[in-house]
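Next up: just one chain, as structure tokens, the form predicted alone.
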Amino acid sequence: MTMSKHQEYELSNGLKLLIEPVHGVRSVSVTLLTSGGLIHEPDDQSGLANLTVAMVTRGAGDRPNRALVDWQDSLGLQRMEGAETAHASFSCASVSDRLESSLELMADIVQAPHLPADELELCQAGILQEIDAIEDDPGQKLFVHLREASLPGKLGRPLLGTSESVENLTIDDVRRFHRDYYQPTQAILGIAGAVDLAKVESLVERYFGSWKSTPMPRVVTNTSEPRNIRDHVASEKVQTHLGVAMKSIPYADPDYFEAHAAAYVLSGGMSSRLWTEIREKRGLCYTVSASFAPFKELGRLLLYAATTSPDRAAETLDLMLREVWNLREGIFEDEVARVRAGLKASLVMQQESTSARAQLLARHWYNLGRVRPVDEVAAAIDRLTPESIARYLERHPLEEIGIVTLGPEPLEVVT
């Protein structure tokens, strides 16, 4: 399987089109990002972005809800959609001869949804069940609170909203949100797989060229950094769950790969520092991890652990923080070799998935204003060294922003 250089086009209505032919596959995948994410929600309407995504799939174009579902299933299309921080995201994967159907489906959903009032209550009920389910999943519940504590403004909103806000949303709210934000001017369409460039461009023009735009309400994203947030979520469960957020760098920062590497040293497999020191040597928890979470405006290093008993939680938290600070003392070549191997494996798997390629095309363009070629990514991974990661940590010291615990009792931080 080989990939050709991607091609970039812009429709007259502002829609950005990115196409990457992939030779040796029979599938094609499409990802569309349009405005209508959490940052676009009114202050008192948390969950509106997610509810709108659910509603636009309840009938669109010439097909009511059931007919739309049946048509999709008869074609074997694999569809996924969701509300994100800055976007409403829609993806579709199929065999290559179903590309036109995929584009027709996606165009109908975003441009001509029925938004039937009699479907609103069912959508709300499904979302409320999802919110309730989080209460039974302490890990998810912790991250909802950690997101809110460590990210500024609407960036920290829960993706699903709150039970109270979702219950109070109306069909007029949904229709207004769709009208205001589902527009082509800031939309990005990524297509990857077995495609003919000229044919794809023609199909996209046919199905998206008449998509109209109107002046979009102005959105101001708050990027002020919270500091030293401490929060405890009381829970009757025996386990104690720990979450830490630290200041990191945004997606477009030149040290992006070094930030990934630092997180990988902490949490890239069973040889990583957190797993070895906390799980293997001391048996303090049954899971522990770190992840780099970059946004367009800022970034976070997120730490997580779940302990088997509350009396081990304070020591676990102390050791997690110590391992982060110990990164400043130096990183070893064998650790960086594991980082390079892990990131290269991830890169290879992305290359073999047209769905991953289509998503990367759209997300790279949003975050970077360009698409990172595969060769550039591979070269950046190869350039990682203990020294380059150390320089990153000197330029961007990991500053603690917030600690959230969930369990029977709050904890005191030792370090």
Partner chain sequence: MKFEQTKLANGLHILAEIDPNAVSTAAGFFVQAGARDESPELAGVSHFLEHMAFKGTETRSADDINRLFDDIGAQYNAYTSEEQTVYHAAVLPEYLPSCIDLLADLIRPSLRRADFETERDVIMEEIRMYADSPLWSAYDRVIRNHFEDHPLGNCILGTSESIAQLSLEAMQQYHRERYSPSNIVLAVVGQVDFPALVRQVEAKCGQWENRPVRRELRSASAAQGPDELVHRPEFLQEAIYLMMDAPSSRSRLRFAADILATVIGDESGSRFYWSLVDTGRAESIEMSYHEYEEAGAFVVGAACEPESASENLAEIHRILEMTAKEGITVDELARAKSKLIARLVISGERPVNRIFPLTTSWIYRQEYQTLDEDVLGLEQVTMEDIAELLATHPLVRPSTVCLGPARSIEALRLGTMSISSRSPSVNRQ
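Residue numbers count along the first chain shown, from 1. On a predicted model such as this, the values are computed, not experimentally measured, just so you know.
One more form of this protein, predicted together with the partner chain, exists but is not displayed; see below.
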task = Report the stretch among 172-180, 93-101, 197-205, 295-303 that approaches the partner chain in the predicted complex to within 4.5 Å, counting heavy atoms only.
result = 93-101
ask   = Ok, Asn168, Asn326, Asn222, Thr276: which has a heavy atom sitting within 4.5 Å of the partner chain in the predicted complex?
value = Thr276
query = Just one of Ala117, Ala252, Leu122, Val233 has a heavy atom within 4.5 angstroms of the partner chain in the predicted complex, so which one?
reply = Leu122
ask   = With the cut-off set at 4.5 Å between non-hydrogen atoms, does Arg383 touch the partner chain in the predicted complex?
value = no
query = With the cut-off set at 4.5 Å between non-hydrogen atoms, does Arg322 touch the partner chain in the predicted complex?
reply = no
request  = Report yes if any heavy atom of Ala378 sits within 4.5 Å of a heavy atom of the partner chain in the predicted complex; otherwise report no.
outcome  = no
query = With the cut-off set at 4.5 Å between non-hydrogen atoms, does Phe332 touch the partner chain in the predicted complex?
reply = no
request  = Counting only non-hydrogen atoms and a 4.5 Å cut-off, give the residues of 336-350 close to the partner chain in the predicted complex.
outcome  = Arg338, Ala341, Gly342, Ala345, Ser346, Val348, Met349, Gln350
